[in-house]
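In structure tokens, one chain follows: the form predicted alone.
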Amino acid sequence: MEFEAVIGLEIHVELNCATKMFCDCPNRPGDEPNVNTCPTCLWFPGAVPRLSSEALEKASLLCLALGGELQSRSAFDQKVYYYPDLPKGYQLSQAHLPLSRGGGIEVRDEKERIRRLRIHHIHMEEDVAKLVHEMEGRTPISLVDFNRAGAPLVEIVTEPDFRSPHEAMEFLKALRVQVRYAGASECSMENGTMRVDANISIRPAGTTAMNTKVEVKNMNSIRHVGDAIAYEIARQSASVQAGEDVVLHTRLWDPDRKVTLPMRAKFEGPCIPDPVVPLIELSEEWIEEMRARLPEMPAARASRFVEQYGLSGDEAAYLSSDPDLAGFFEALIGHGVAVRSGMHWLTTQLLPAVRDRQLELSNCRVTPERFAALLRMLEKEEINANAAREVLLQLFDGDAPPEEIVASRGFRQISDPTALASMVDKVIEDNPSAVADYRRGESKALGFLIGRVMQSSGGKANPKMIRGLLVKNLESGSRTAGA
């Protein structure tokens, strides 16, 4: 029997707000444990939560970026369950009146067909504390870090529209880009600011039944999401073919063994309206103000890049896939760099160097201004490409202008025709066999001779002029100096 997968995602995104959701404690991951706490996020009796206006604004921008419809009325509920990371016994979430409904993202499936994968709703909630398990020593213990307690989250709940691991992965990639453009979160699964749970079931192909699902957690990369879904589809298919029932429960993904493992029975505690946090009422004027704050989104930016800069669709889509990359590119062009040169050097030289150093484009020393100054020197043929690559690497190590590095290291290109002609004559004289090879039609000999001239100049010769002088000399059969 052939089976079809039915998949839905629940995606938690941590908002990059300065403070927590219901108090003024810093929302600062990475600090020493339990330093960012107060009676509210420690859930002391009598502490009154106050909703952060920044959290509401960033959550609203995220919803709009994903095509959601902000609701005029939303409210918080007490999601009741008992666990060590939740000592008050409930989590403030929006179970009944979410902030936004609808929305979706278009992706390409395995056959390159466009599919719109729908979002059911998006709601706000507070994060819980973090459990740290110490398993070494005589007695294993679990410690609680309350720095994360009360951090502002949104949960994006999709419709069960996904039919393959590929679609889930493409959806998450596109979602991450949209949210980053909205400025609401960095959406990094590796850093824990985006967490994904997948609900997976199977049914006979061609049917429409909704069968028992299994939830899979503990996936810390988009690749792991795809692998976990693929494994679970295969596991459930094998179980059904063996005559076994699929049981509703939660499983964990083990990335080392590449298997899902049973975790616990699926538990849904009661949700009751919270009596303390006021009802959220959004006016049409406020919603339109949020909509106006949205930046140009990736699809619109890519279309403009094609029209304004003459890029191909693929080039524009790649540059628009990250707001920092797109902004850097436009700043580079704004500083007088040619479009093709700027795109080529940005994508093939600067980005790999940034990644090798485990930096971000937005916070490395190579700013658009400094990079543009380097590329302008290259375009003016004041330096050659080899020198430009050397100077680029040095831009990461200090704040000196490119012009100063070129002068201090003697990188300025030799473009004097008389000096170059002398070098070319010497190389031709010293390499008669390569000259003969070229004149017999072996074009690669020209590259050899150019390399010899570059070597004799210490890498400073103008390669374009060298090529011209060599070709002129070799094809005329005379020496350059006498031409």
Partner chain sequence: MDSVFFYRNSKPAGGEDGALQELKIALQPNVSVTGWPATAGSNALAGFTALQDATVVDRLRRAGASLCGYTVMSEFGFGLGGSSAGEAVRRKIADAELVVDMLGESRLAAARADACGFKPSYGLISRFGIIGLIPSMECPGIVSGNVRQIRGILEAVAGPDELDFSLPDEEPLDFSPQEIDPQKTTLGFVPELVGGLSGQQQNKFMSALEFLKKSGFKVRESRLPDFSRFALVHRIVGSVEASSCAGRYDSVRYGPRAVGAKNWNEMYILSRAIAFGSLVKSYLFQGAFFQFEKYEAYDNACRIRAGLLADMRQLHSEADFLVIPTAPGENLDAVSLEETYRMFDFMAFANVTGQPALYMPSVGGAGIQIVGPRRSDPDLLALGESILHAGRGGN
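Positions refer to the first chain, counted from 1. This is a predicted model, so every value here is computed, not measured.
Form predicted in complex with its partner chain: not shown, discussed below.
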Worksheet item: Counting only heavy atoms and a 4.5 Å cut-off, does its partner chain in the predicted bound form sit next to every one of 43, 96 and 142?
Response: yes
Discussion item. Quick check for you: of 55-63, 429-437, 448-456, 34-42, which stretch puts a non-hydrogen atom within 4.5 Å of its partner chain in the predicted bound form?
Written reply: 34-42
Practice prompt. May I ask you to state whether residue 371 is within 4.5 Å of its partner chain in the predicted bound form, using heavy atom distances?
Written response: no
Worksheet item: Should residue 255 be counted as a contact of its partner chain in the predicted bound form, where contact means heavy atoms within 4.5 Å?
Response: no
Worksheet item: Is there a heavy atom of residue 78 lying 4.5 Å or less from a heavy atom of its partner chain in the predicted bound form?
Response: yes
Worksheet entry | in the predicted bound form, residue 84 touching its partner chain (heavy atom, 4.5 Å) | yes
Fill in: Option touching its partner chain, based on a heavy atom within 4.5 Å in the predicted bound form, out of 276, 292, 234, 385
276
Worksheet entry | The unique member of 133, 380, 73, 113 whose heavy atoms fall within 4.5 Å of its partner chain in the predicted bound form | 133
Discussion item. Pick out the residues of 87-115 whose heavy atoms come within 4.5 Å of its partner chain in the predicted bound form.
Written reply: 87, 88, 89, 90, 96
